[in-house]
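As structure tokens, one chain now follows by itself in the form predicted alone.
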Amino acid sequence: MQTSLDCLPCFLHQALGVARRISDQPTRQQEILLAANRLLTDFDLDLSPPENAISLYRLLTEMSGCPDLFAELKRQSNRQTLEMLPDLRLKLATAPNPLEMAVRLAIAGNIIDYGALVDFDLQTVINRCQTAELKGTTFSQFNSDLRNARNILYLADNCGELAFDRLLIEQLDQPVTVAVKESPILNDALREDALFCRIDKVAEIISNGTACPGTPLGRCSKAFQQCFAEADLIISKGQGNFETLSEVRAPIYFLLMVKCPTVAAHLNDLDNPPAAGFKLGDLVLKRSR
């Protein structure tokens, strides 16, 4: 997925949010926002939005002097969702199809996103995701492909969301490798977050080698690229991973909540014929082409 003109004001909105987080001085906030605005003129619109986000958040990090701008929010998200696990496991235990319920809850966790969203009600999303339509590919097709896979690569997205991912991984019979980001960007999960959420108890943890809020294969480490190529099935969580991998030919299932009209439009472009009619708020379970 390429960066569209509609992405540019979104980048500025993110920069303003960071500026307000790191300073309460309007002049300093303006300085940061103007610097971000100048940077946008150099963005390559042929790149995906997450790839362009790398230079934006590098700038914001340098101007703030803080290496992890979302560190406290990430810790809060991890703690909050781990506390929810007992109740969520009860939902799985009483569900007619625990695997499908785990998929739905994993998608619900994708609402924890401080790039696309600032305010969200996680409990409301969890309740809705239990019965809302899954758009893109039928669950039965996903289940069939899953049964035929010998190993699974799971592309993690955000902190907090990891606890929901753990529930899904616990439902899988195959060996699972979970890929996180190498260094901080936004509220994307790092190895330390995966360990805090005890992902190491259910899967191997690796880094994709980037500080990108997605998975741009050309920028990823050779070790990750090899793991990606050898995976029988890849579960890709979140918008950023979708934006960087939407046109990659590989055995990928995208699990995400649509939080951006540009992403909804791109999903509709990929859907040929356009049967699903993707829109904001939709829960997506979609197999790559």
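The model shown is predicted, which means the values in this text are computed figures rather than measured ones. Residues carry their position along the shown sequence, with the first being 1.
Separately, the form predicted together with a further copy of the same chain exists; it is not shown, and the next lines address it.
Residues within 4.5 angstroms of a further copy of the same chain in the predicted complex, judged by any non-hydrogen atom, belong to 40-48 and to none of the other stretches in 221-229, 244-252, 40-48, 53-61. Every residue in the set Ser4, His13 and Leu16 has a non-hydrogen atom no more than 4.5 Å from a further copy of the same chain in the predicted complex.
Though the partner is left out of this view, Lys279 does not reach within 4.5 Å of a further copy of the same chain in the predicted complex, counting heavy atoms only.
Although the partner is absent here, Cys66 is not a contact residue: none of its heavy atoms lies within 4.5 angstroms of a further copy of the same chain in the predicted complex.
Using a 4.5 Å cutoff between non-hydrogen atoms, Arg21 does not count as a contact of a further copy of the same chain in the predicted complex. Of the residues in 20-34, those that come within 4.5 Å of a further copy of the same chain in the predicted complex through at least one heavy atom are, in sequence order, Arg20, Pro26, Gln29, Gln30, Leu33, Leu34.
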